[in-house]
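Okay, so here's just one chain, in structure tokens, the form predicted on its own.
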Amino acid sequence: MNYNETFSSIYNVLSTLDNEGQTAQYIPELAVIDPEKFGVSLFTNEGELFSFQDAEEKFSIQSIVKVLSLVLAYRQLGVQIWDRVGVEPSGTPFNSLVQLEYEKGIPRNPFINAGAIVVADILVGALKDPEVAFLDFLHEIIGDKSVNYSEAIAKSEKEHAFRNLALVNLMKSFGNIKNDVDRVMDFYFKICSICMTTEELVKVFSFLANEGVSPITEKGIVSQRQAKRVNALMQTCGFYDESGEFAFKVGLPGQSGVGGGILAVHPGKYTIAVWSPKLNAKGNSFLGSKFLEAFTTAIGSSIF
């Protein structure tokens, strides 16, 4: 199938709509991104890559990285990871404090900020040099070393991290953060700053569409069982308090980031990534969500 024709057709329709929302204003480095950028890539389990528009331009993947940090921590701890972070949808914004206090410092899932911070704490405790180990992990999956951190974005996030610092300190008070708070947060900001193109994203995540095995390197990244668990979490939790709507309209497991990216997986078939920086009120890419809804409808491809 020529996915590029489908991409172009959908984009031509969506480009007539008002691209609502705005870039992430609370992170200065993200606020100044050209809001009209748009890229999409799809990578099949057979190794075919399809791309459209700004698919070769790097952007900050932000919370999309939470899936990858979870995978690495899952490889380290196995099922013990679920003693410290839950697997339930939050139904609250990604940076909410309310639920966390009520549930005594155990985040609902690993994709809200509190959950991802706990995962960062796990990796800081388990790895000798977590920043290097995390990049090595990504390079292992994709088969090259083109992926890296953005020092400018990490610095920008750290300087405006008041709510995230409240989250980590609250969890520390409940005993669910084991390492030094500043060390954990420096690592968290660093991994959220990672920049990729949509082409790189679909390749890095392709193991989740292929039962845990990278179709690029043919290496097993996680077990088939673990891949199923991670995909299930993306389906129910990857879009925070908009996860149900994304499942209803798009029908694929996925994860969004406030850099404007969305990554989605069709297990057994393909991985797709869209980048459009303007966010809706829930913090997800407005045009990216619309595009994926139109795409799965046009080709009749969802997991349902």
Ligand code: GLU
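The shown structure was predicted, so the numbers you read here are calculated from the model rather than taken from an experiment. Note that residue numbering begins at 1 and tracks the sequence as displayed.
Omitted here: the form predicted together with the ligand. The next part is about that form.
Can you work out which of S41, S276, Q62, S243 has a heavy atom no more than 4.5 Å from the ligand in the predicted complex?
For this set of options, the contacting one is Q62.
Have a look at A247, C237, V258, L68 for me and say which one sits with a heavy atom within 4.5 Å of the ligand in the predicted complex.
Of A247, C237, V258, L68, the residue with a heavy atom within 4.5 Å of the ligand in the predicted complex is V258.
Quick check on N164: any heavy atom within 4.5 Å of the ligand in the predicted complex?
Yes, contact at 4.5 Å.
Within a 4.5 Å heavy atom cut-off, is C192 in contact with the ligand in the predicted complex?
C192 belongs to the contact set for the ligand.
Using 4.5 Å between non-hydrogen atoms, is F94 touching the ligand in the predicted complex?
Yes, contact at 4.5 Å.
Looking in the predicted complex, any heavy atom of F207 within 4.5 Å of the ligand?
Taking the distances in the predicted complex, the answer for F207 is no, it never comes within 4.5 Å of the ligand.
Please name which of the stretches 156 to 164, 69 to 77, 118 to 126, 173 to 181 has residues with heavy atoms lying within 4.5 Å of the ligand in the predicted complex.
This holds for exactly one stretch, 156 to 164.
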